[in-house]
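Have a look below at one chain only, the form predicted on its own, in structure tokens format.
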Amino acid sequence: MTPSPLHQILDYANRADPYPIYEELRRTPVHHEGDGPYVVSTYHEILGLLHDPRVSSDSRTVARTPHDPLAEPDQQESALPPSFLRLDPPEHDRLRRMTNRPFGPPHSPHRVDGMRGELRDIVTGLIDGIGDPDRFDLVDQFSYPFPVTVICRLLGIPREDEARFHTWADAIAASLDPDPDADPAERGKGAHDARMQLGMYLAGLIEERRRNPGDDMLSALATAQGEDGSMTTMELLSTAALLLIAGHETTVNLVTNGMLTLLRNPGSLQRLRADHRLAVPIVEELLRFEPPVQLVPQRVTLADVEVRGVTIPKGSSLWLVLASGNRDPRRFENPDRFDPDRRDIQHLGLGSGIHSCFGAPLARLEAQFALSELARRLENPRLLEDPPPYRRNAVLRGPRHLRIACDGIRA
């Protein structure tokens, strides 16, 4: 008996190449089996639902849909109030507005752009530290430490504390990527301890920044007194945890999937090496072709919603398969071809609607710097295994290791 598309998506055996499953899934744009979730896989329908106020992201609503295998509340938020990612308006809007004031336009238009020099220095230092060019792991030596360091600098974590921050981030990230060979109780305790230590550390740092604010985002959040009032300490902790986990996990996958795709498409890699300006369209096409978040499982309908002639009843769990929508031939020509020259590229790789990726400007810039410098400095890079071993997580899909060899590393 052929497994259902739902089980095939979750089956680790399909992690290296889920796209044939998505192609089959698109034949039934709204797929539903038994008492499981409704799975939507076509571009226009996903886009409509991402903008539909009848679809809830509130974690307290999602937790009441027991038949969704991916609907458990986020572990990293279990001791904290929900972040704005897991709230509906008006609570969502208030917290997102408050977080955006020190992060982006119109109030802080230079926050991300002003990090260009720092991003360049971090990337340079990590590439310099690769060591033996005959065999190295891009994930462990570059993609994993890069975004954590960036978030530390963004929040204003003291340099001497960055190593502790990395350790906590690693433990929390491991809890998002289940390992069948590991003791789940031990892993759960490690992640819980890391969250508690991180929370206590950040709580102390927030109080210190309220007394002595600096020019960092945590200081701005801790001292803000705008039209929406100020964040409580618990709201601040929840927001900082969101920036750490969401910002870290997606960027790891974007950079790693990006380098894997470029190594499989050497013509594009050569073009990027010759012209770093191509990093912008390359990253946009990567967000379509190999998005770091494959699907959004935590949505619930607040009313009956009709999609392509199918009525999804009120209270139903929804999966929106972004990676499938990004390869919908009704929306993109030759969708299975990686094409950095693609003109029409309104992808779903960073979501859409009120929950579109908050850190998108920073994630784009990180990936552009990372991939352009890797292309420039690695001489004749090549994969040592293809496909590489993947993380087990079906939502945050990316290689767990990407082992590469090259002839040398340019200065």
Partner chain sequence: MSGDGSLERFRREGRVVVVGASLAGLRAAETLREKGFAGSLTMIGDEPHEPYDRPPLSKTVLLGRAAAERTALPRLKEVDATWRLGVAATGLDMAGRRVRLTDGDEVPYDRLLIATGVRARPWPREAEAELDGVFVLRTRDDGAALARRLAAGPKRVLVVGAGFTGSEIAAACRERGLAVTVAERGASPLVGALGGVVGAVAADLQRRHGVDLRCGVMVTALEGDAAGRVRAARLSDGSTVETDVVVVSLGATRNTEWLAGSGLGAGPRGIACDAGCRAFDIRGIVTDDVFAAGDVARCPHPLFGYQFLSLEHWGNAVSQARVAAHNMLSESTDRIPHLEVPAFWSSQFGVNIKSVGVPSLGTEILIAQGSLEERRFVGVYGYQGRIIGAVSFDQARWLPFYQELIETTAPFPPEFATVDRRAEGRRPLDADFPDPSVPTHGPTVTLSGYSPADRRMTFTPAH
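Numbering follows the first chain given and starts at 1. Keep in mind it's a predicted model, so treat the numbers as computed, not measured.
This protein has a second form, the form predicted in complex with the partner chain, left out of what is shown; the following refers to that one.
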property: 4.5 angstroms heavy atom contact with the partner chain in the predicted complex for S56; result: yes
property: G125 within 4.5 Å of the partner chain in the predicted complex, heavy atoms; result: no
property: Exercise: R97 in contact with the partner chain in the predicted complex, heavy atom 4.5 Å; result: yes
property: is_contact(H51, the partner chain) in the predicted complex, heavy atom dist at most 4.5 Å; result: yes
property: Non-hydrogen atom within 4.5 angstroms of the partner chain in the predicted complex for each of P90, E227 and I354; result: yes
property: One stretch from 262-270, 299-307, 284-292, 136-144 that, in the predicted complex, holds residues within 4.5 Å of the partner chain by heavy atom; result: 299-307
